[in-house]
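Take a look at this single chain in structure tokens; it is the form predicted alone.
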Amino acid sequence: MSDEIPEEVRSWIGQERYQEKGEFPVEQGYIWTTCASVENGNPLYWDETVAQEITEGPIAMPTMISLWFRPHFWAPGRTEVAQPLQVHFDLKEKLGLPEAVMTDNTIVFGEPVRPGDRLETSQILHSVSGPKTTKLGAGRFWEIEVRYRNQNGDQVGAEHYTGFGYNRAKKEGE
């Protein structure tokens, strides 16, 4: 593996890419279904009176932030496969690293996400490391930020990912 990062990939660093609007509005039914799936009985998410007192109205669980950008497997008129975190998949392709794992994820929360919000997102590649070898194989680490904003332009959150793309280490006898 070359130490050199391709110019195209270097040009992505620090650039806001894949500015997208969510395919659907934040919806109360998704919030209740998510809470039910993990048995989260916090009245903030179930009781409008409690939500009004604490957060001036209903909100989504903050940890649901990326759910609103998980594309449906199919949508009318879609001609290409939609993937969340597209910069990650672009890096795998351009760097010739077919395998990848996320090694770290940090979420920073901003304004609450509320039913009816139409969220927008963008992705920023912050860095790509030189070649590294781990037990998984030879590859590179990269850092990606995903920014989330509501329809008013308010930041509702940001996720910071560290990924490791690699070529699988060959085992003895392969």
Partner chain sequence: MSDSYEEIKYEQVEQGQSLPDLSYEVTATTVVLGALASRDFRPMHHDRDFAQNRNGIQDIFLNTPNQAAWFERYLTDWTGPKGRLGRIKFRMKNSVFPGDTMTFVGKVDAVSTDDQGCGWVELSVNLSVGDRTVTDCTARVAVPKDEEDNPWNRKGDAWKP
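Numbering follows the first chain given and starts at 1. The model shown is predicted, which means the values in this text are computed figures rather than measured ones.
Form predicted in complex with the partner chain: not shown, discussed below.
Colleague: Of the residues 122, 127, 134, 63, which one places a heavy atom within 4.5 Å of the partner chain in the predicted bound form?
Modeller: Selected residue: 63.
Colleague: For this chain shown on its own, do 85, 145 and 151 all sit within 4.5 Å of the partner chain in the predicted bound form, going by heavy atoms?
Modeller: No: no residue has a heavy atom within 4.5 Å of the partner.
Colleague: Taking the partner chain as it sits in the predicted bound form, is residue 59 in contact with it (heavy atom to heavy atom, 4.5 Å or less)?
Modeller: It does: once the partner chain is placed as it appears in the predicted bound form, residue 59 has a heavy atom within 4.5 Å of it.
Colleague: Is there any non-hydrogen atom of residue 109 lying within 4.5 Å of the partner chain in the predicted bound form?
Modeller: So residue 109 counts as contacting the partner chain.
Colleague: Would you please decide whether residue 71 lies within 4.5 angstroms of the partner chain in the predicted bound form, comparing each non-hydrogen atom pair?
Modeller: Residue 71 belongs to the contact set for the partner chain.
Colleague: Is there a heavy atom of residue 54 lying 4.5 Å or less from a heavy atom of the partner chain in the predicted bound form?
Modeller: So residue 54 counts as contacting the partner chain.
Colleague: Would you mind checking 39-54 for residues with a heavy atom within 4.5 Å of the partner chain in the predicted bound form?
Modeller: 39, 40, 42, 43, 44, 45, 47, 50, 53, 54, in sequence order.
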